[in-house]
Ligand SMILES: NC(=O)c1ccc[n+]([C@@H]2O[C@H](COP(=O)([O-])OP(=O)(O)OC[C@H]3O[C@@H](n4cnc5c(N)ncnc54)[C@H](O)[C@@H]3O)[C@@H](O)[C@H]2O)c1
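Let's start with one chain on its own, the form predicted on its own, as structure tokens.
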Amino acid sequence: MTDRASSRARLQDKVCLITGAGRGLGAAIARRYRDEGAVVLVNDVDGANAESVAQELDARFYVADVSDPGAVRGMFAEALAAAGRIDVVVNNAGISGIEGDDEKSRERQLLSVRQAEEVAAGGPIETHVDVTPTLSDEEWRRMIAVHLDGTFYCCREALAIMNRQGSGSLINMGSIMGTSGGAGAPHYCAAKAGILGLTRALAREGASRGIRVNAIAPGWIDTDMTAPLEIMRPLIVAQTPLQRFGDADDIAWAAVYLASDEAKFVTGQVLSPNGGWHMSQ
């Protein structure tokens, strides 16, 4: 239901900045936040996407690359000047590392599926997902920069504001790849695991001021980022107890809960909507 008048307004008048909100999970979170009464601030590195979502939601938007600390500092200063406070920040901006490289995506998927078939047949295992030996310094650093550095830069600016307010909620986007690990994406797994560690550290730091810091670790969700996983999709579904990919709203509602007063006793936690694919948080 998207009728704002019928909402319980769980985030009434909270000023909420969402990074990477020009599409996918970020856009879904922004929509749910608006429906729950929030004042939404949209960020994305893609100006056209940010403006489109902002226009849909009657929201302000900010074009900034979260891996650039100067751009992040400027965005938060501009947002604070416009809104007067910042109550919630959702650090959602991220990359897969193979954007636009369909050949590389297909190759890695085929390797993973073949290896799984060999394991299921009882071996021997002759197919190996060897990504790390050929992963470039540039690929590694870009992944860490967007996910882990970007989350840190945004948390740093947000906490400077929230410390003065004596309140606030930070929600960082992890992944099941940061909790369970996964062959084929060592840089992505490392970045997401780092975000979970950062979340716990900041939760302890912010608690004395009533600032809550939590993470969401999505499972396999239908988004633009997972759309190229056509070859692996049957295998992933078979490994998921609920037998499907999640949808963006499965993550958006988790973000609503963590930002709301319903989660007032929740900090330093990882909420993982993943259909049962991974069960050890």
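One rule holds for the numbers: they count along the sequence shown, beginning at 1. The shown structure was predicted, so the numbers you read here are calculated from the model rather than taken from an experiment.
The same protein also has a form predicted in complex with the named molecule, omitted here; what follows describes it.
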Original post:
Do residue 67 and the named molecule share at least one heavy atom pair within 4.5 Å in the model of the complex?
Top reply: yes
Original post:
Are any of the heavy atoms in residue 23 no more than 4.5 Å from a heavy atom of the named molecule in the model of the complex?
Top reply: yes
Subject >> Any non-hydrogen atom of residue 152 within 4.5 angstroms of the named molecule in the model of the complex >> reply: no
Original post:
Going by a heavy atom distance of 4.5 Å, is residue 224 a contact of the named molecule in the model of the complex?
Top reply: yes
**OP:** Would you kindly say which of 57, 45, 256, 39 lies with a heavy atom within 4.5 Å of the named molecule in the model of the complex?
**Re:** 45
Subject >> Heavy atom within 4.5 Å of the named molecule in the model of the complex - residue from 88, 191, 173, 162 >> reply: 173
Original post:
Any idea which of 105-113, 125-133, 91-99, 77-85 reaches within 4.5 Å of the named molecule in the model of the complex, heavy atoms considered?
Top reply: 91-99
Original post:
Which residues from 142-161 come close to the named molecule in the model of the complex, meaning a heavy atom within 4.5 Å?
Top reply: 142, 146, 147
